[in-house]
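Coming up is one lone chain in structure tokens, specifically the form predicted alone.
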């Protein structure tokens, strides 16, 4: 990935970016767009993907081919060879292809309604704020930012520019995951009293991968995969955690010298529920288990792009033949057209960043209990 990273400190970086939007008033409601491409009698909103790495290439772009309310209108890339390749494959107009130097000129492009930030974590805040300043609605991949301060600046920039912000929590659009959320809300089996969540994979041996670079990633497995565990505990209980304890260990000190490899943590919730979670770059695990007062539920796998399955009591949750990314992007497009917030707004990402900051404080303090 040919991307230059700003050298300013995080604090000055956020202040510099957010200062440009401070003069705007925050609108009470987001207007529905009357833009987009016609598909018969159905309108579609144009999405520009910013960053053409593995996720954009293998998941997002193919998902947009079958989308009903959105389409791939543009790209932003620092790799010149990808311009012609993507233009030919997806029929993208030359005027809708940008790089990181001319990105801000996207403001005048009426084909592009939504900018989807698919960049290393350290660049999420910068490009979200720049997209908002350009008057574009924004989807930002998770984790939302490097820290709470950046996340708040991103939310304020979007509010100031009267655009919607959504975080790439695709699982909120998965039918079986939504069944877990429904049980949390309706409580047919009583309150949750325990959650076990695991989200891990074994990382390859490319030591130059940006996820192994703390400056770009902001952390390791916690930022990348652990956020799924935090999300799971939050939507399984329908509550926000109030305290956390965390422990870290490494089996490969050289490979993971700059970032966390394996972390476990426990969270407490207001109702008395508690969770135990594990994330790692050196373990294979993908599971969610929930114990209710009068029953249980589980998903395994719990976070993959497809094949999510499990059970709630004696009811099986069979894998659903849907594309999570298509549903996510179409869902956001409909939110814009209907003038309502995304079901996964910036505030949802901010809540996770608060938990992650508390988790890292606990690690720094020897695993002691930290309030969130």
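Everything numeric in this text was worked out from a predicted model, so none of it was measured. Residue numbers count along the first chain shown, from 1.
From this point on, the text means the form predicted together with a small molecule, which you will not see here.
**Q** Given that the partner is absent here, state which listed stretch (120-128, 244-252, 67-75, 286-294) has heavy atoms within 4.5 Å of the small molecule in the predicted bound form.
**A** Selected stretch: 120-128.
**Q** Taking 238, 269 and 351 as a possible spot, do all three reach the small molecule in the predicted bound form with a heavy atom inside 4.5 Å?
**A** No, the candidate spot makes no contact with the small molecule.
**Q** Using a 4.5 Å cut on heavy atoms, which of 273, 134, 216, 203 is close to the small molecule in the predicted bound form?
**A** It is 216.
**Q** Identify, from the list 193, 82, 187, 178, the residue with a heavy atom within 4.5 Å of the small molecule in the predicted bound form.
**A** Looking at 193, 82, 187, 178 one by one, just 82 meets the 4.5 Å heavy-atom criterion.
**Q** Quick one: does residue 319 come within 4.5 Å of the small molecule in the predicted bound form, counting heavy atoms only?
**A** Taking the distances in the predicted bound form, the answer for residue 319 is no, it never comes within 4.5 Å of the small molecule.
**Q** Would residue 220 count as a contact of the small molecule in the predicted bound form, using a 4.5 angstroms cut-off between non-hydrogen atoms?
**A** Contact check for residue 220: no, nothing within 4.5 Å of the small molecule in the predicted bound form.
**Q** Would you check, heavy atoms only and a 4.5 Å threshold, whether residue 256 touches the small molecule in the predicted bound form?
**A** Residue 256: no, not in contact with the small molecule in the predicted bound form.
**Q** Give a yes or no for residue 234: in the predicted bound form, does one of its heavy atoms lie within 4.5 Å of a heavy atom belonging to the small molecule?
**A** No, no contact at 4.5 Å.
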